[in-house]
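In the form predicted alone, a lone chain appears below as structure tokens.
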């Protein structure tokens, strides 16, 4: 069996593009539709009710495009809204929390794992619970890092302001006389875009894990088990859309995908205007 329909992915903004990049590398025949809700980013400081409502609107947009599977490429949405989203549709839905937790549990040597994430993700307790499911002896410290997502959404990935924000964000997880952790899990899909700065800040002794590649591998399993993988002769089509500033979104997308990014379209969710579509990239 095979299925030519696209895979849908959504995030509160540009962070989920890191997951999309891994999906496109891991599954090169699959078509994709990506939706970034940049207009309302970040989701992290919002209430659970807001996160659920916004995630539902993004989900509905993708379901209307007849996607065959959906990746919730937003840790906040996956932490807060995933069970509700799965009840909303019969389309297979994969979050980023479980794959990321599995990767961190496998990588740690001492069991001391730090997680940086949004306020809502930390509040949910999703990552510590998922990591302990994989490794019961793990000591997990989850720390909210409020300053990082706005920097990424603003297109700031390097420079003194970013270095200072990352250092402040990581300070509670790093002991003055040496690492208090041996593994750092980036519990927000925006954070890999700051990967170089984060890597320098933690040093070579700490493994830095993001959920993107693990999620792409988990998605491959879902497609295979459900018999909905793309046929061998499929030429993929990739579409990108944002509810926010198209030019700003395109700048970040080009950093990941180069000149393949064209015609990013403005998306108006049904709450605002009916009729706008998602463009190609």
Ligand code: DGL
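Numbering follows the first chain given and starts at 1. Remember, predicted model here, so these are calculated numbers, not experimental data.
Just so you know, the form predicted in complex with the ligand exists too; it's not on screen, but the next bit is about it.
Distance check, residue 44 to the ligand in the predicted bound form, heavy atom within 4.5 Å: Yes, contact at 4.5 Å.
Residue 193 within 4.5 Å of the ligand in the predicted bound form, heavy atoms: No, residue 193 stays farther than 4.5 Å from the ligand in the predicted bound form.
Quick one: does residue 188 come within 4.5 Å of the ligand in the predicted bound form, counting heavy atoms only? Yes, contact at 4.5 Å.
Applying a 4.5 Å heavy atom distance criterion, does residue 131 contact the ligand in the predicted bound form? Residue 131: no contact with the ligand in the predicted bound form.
Name the stretch, out of 118 to 126, 134 to 142, 100 to 108, 159 to 167, where some heavy atom lies within 4.5 Å of the ligand in the predicted bound form. Among the listed stretches, the partner-contacting one is 118 to 126.
I need to confirm a contact call. Of 149, 184, 80, 71, which residue comes within 4.5 Å of the ligand in the predicted bound form, counting heavy atoms only? Exactly one residue meets the criterion: 149.
Counting only heavy atoms, which residues in 63 to 78 are within 4.5 Å of the ligand in the predicted bound form? Sequence-ordered list: 74, 75, 76.
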